[in-house]
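First comes one chain, alone, set out as structure tokens in the form predicted on its own.
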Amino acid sequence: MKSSKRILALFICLTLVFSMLVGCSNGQQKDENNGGESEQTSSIKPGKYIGKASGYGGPIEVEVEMGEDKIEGITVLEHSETVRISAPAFERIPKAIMDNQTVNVDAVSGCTASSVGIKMAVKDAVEQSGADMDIFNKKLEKQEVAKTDEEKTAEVVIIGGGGAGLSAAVSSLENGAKSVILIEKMPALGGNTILAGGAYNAVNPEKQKAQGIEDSIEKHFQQTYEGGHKVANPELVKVLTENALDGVKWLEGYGLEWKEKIGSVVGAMWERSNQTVEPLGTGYINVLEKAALDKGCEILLETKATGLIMEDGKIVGVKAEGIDKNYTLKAEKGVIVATGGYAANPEMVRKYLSDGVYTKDNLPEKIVSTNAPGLQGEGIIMAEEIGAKVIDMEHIQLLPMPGDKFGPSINVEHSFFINKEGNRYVKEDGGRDEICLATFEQPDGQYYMINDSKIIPENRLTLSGEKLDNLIAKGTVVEADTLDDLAKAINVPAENLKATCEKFNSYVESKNDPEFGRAVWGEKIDKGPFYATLRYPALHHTMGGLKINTKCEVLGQDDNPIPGLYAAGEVTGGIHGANRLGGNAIADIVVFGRIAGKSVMGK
């Protein structure tokens, strides 16, 4: 009995000891787990951190507020991006990072460089907090969105939210439309227009006379037709040149501000380029969007047209896809196609090359594009599917510079071009095809635009609205106090550059260029600092597209109008021929966008 009691006592004692050990073990495990969690989160030092990275236009600076275990706030402090283009990225990327607690979110289509810059700036700030980047850089799994079907009806449906589409929307509303729906596949309006240099060619006697510029509509017609190698439809060229100035005044009536001075952009061939106060094409889109919305236009962004609806030989609507909806958009009066060209689609460009200025032999396989990524040619393809006729598809245009290498100026008056040997090789005021073909013959197929400090304003903003100091920091523009220093910095023979500059300045003084026949002159290049911008040709404009008449009616294979279908802007052909004058594109989209809006309403 006593033995049993001893055994029982020993058992109870051992049980108590075991329980205590287990309890201690569990407590220790709990502390270790807590400690582990603390170590994971305590590596973050809560507070606000400044992150920096490079965007498309220059540095992007953000402030990120870090809590103990998550990102609690993101504020963009400073950036140099083009506001209209980059706005979707600045709206969506910080929110996506906050919602998902990772910097590894998708870039916003159409503003990839800005998206990446924002993400890298946030990442820089998060890293400063001591956070575990394996956690804050996790990859997101894409979730499929279930789409619903929706039908809408309007008198006019417009495909494309660039300058032509918006001009057509405003015009159709001016001409009695009670309802207009405009769809744009990108997350923001603007298309190629917002990326353009902003020049609008129009004979403007009042301003030109004040500058001593002699011009006429007949001269604009001649240069447009002959500059396009006499390929264009003369009737369309006449409509463009005769209505360009009225388009200037029309835009001004909606609040667009113009600079007082008339200029001449590369390839314009004459000083008739009206320039907006706002940089690039932002002024046009800002004004036209406001006018369209004020008049009641319904705008659907991130909505891609997938096909035209034809009934009994007439276009009666558009099929489209949004983020979460499949649309059937009925058009009681008609559909206007304003989807732009296809210069962002190099495969489509090469498909049609034949005997134009550029061929499959002389156009490099790998060549960059100045175009917005959405310019893929879908409008042309959709219209062809229902029997529309195309024209001039073999004709494309290159810009003598990529969109990110405009440099201090896009005008030619106060600049000259040199190859990498330091010598001029072409007249700077020539046609764009002339300049690009000559550039292909130069070392590396590249050249430098040379300017001096006389064109640099006090705020050091370029004509395209960029900060010159950002371009210098990125290496896009080289600045030097003397020509000797500039030559050294860009690795060209100093004696050649100085001799070229001296000769060029003598031509400026005499307004005569015996070497290349330049006719547009500004001031001498003689006041340091001096500037050099490396440039080379880039895909820019497609002259071919849907065949239209002077009423912007799209023609079928029999050259008769397709009822209910209209088109305006770069999606059309026949206006510019084999080469487009610099500054004629904005005039084109406004003039023919207005006509399309008027015609669809039967006026």
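No experiment lies behind these values; they were computed from the predicted model shown. Just count from 1 along the sequence shown to find any residue number.
The same protein has a further form, the form predicted in complex with a small molecule, not shown here; the description that follows concerns it.
The candidate stretches are 416-424, 77-85, 180-188, 241-249, and the one lying within 4.5 Å of the small molecule in the predicted complex by heavy atoms is 180-188.
This chain is displayed alone, yet in the predicted complex one of Ala169, Ala121, Ala338, Cys111 has a heavy atom within 4.5 Å of the small molecule; that residue is Ala338. Of the residues given (Leu195, Val237, Val508, Val478), Leu195 alone sits with a heavy atom within 4.5 Å of the small molecule in the predicted complex.
When contacts are judged by a 4.5 Å heavy atom cut-off, Ile595 does not count as touching the small molecule in the predicted complex. Although the partner is absent from this view, Val157 stays clear of the small molecule in the predicted complex, with no non-hydrogen atom inside 4.5 angstroms. By the criterion of a heavy atom within 4.5 Å, Lys304 is counted among the residues contacting the small molecule in the predicted complex. In the predicted complex, Leu398 stays away from the small molecule, with no heavy atom inside 4.5 Å.
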